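In the block that follows, a single chain appears as structure tokens, in the form predicted alone.
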């Protein structure tokens, strides 16, 4: 039977999801996707009919794949369309953890790098999650200091998991001639363990298709090997494409992640 969400307590509501209590198991919650899409720290906001279903599919397939690959996540199962059953957090870590392989987006404005610069090894940055403050980045030197001097192992663990997840997904998307450019993930604490949480959908990363059949991705700059104009991610929305165009791109992502079951 469908879940009667109108009868369930709402624990929290964000820009793209609503979290509901699960009276049958207080150690879990329901995460229900919305058709909303936002950008610019929530300043730009629209509703795209069908987005919730597409995001749910992508999230289901990616988290299922990561679970099979041994990544510790909050994801358990999908009881019905647009809904994920996840473990309830003891504490949410109020950070966004960004890992980059290819320079794109905001780093071009503040990082003194050219678009398409390839980072090897990957670089990972921590951002304080606060829209009015525009998610400011934490100083990486200070992060290293508090890990060494104060035993703040959560930062080290999040950095390691982000790198692990990025590598897993980069290899998976490469099977379909798509480069994972960068990725933003979130974390929480369950018990005494740092766990990957929230969603992984078209708004979580940048994806650029390969520009040719045979690509050389070991160069210092890979912009000519990729096709930024054919991007499949939320940048299409940021750049002003219509809701229908954005949905089409997100559907292409879902078609790819549906095949992760074959990997």
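Positions refer to the first chain, counted from 1. Since the structure is predicted, the reported quantities are computational estimates derived from the model, not experimental observations.
Quick note: we don't show the form predicted together with a small molecule, though the next part is all about it.
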Proximity of residue 22 to the small molecule in the predicted bound form, heavy atoms at 4.5 Å:
no
Taking the shortest heavy atom distance, is residue 180 within 4.5 Å of the small molecule in the predicted bound form?
no
Exercise: residue 12 in contact with the small molecule in the predicted bound form, heavy atom 4.5 Å:
yes
Residue 249: touches the small molecule in the predicted bound form, heavy atom cutoff 4.5 angstroms
no
Listed range touching the small molecule, judged in the predicted bound form by heavy atoms within 4.5 Å, from 120-128, 157-165, 142-150, 83-91:
83-91
Out of 225, 61, 198, 235, which one falls within 4.5 Å of the small molecule in the predicted bound form, going by heavy atoms?
198
With the small molecule left out of view, choose which of 29, 194, 66, 52 has a non-hydrogen atom within 4.5 angstroms of it in the predicted bound form.
29
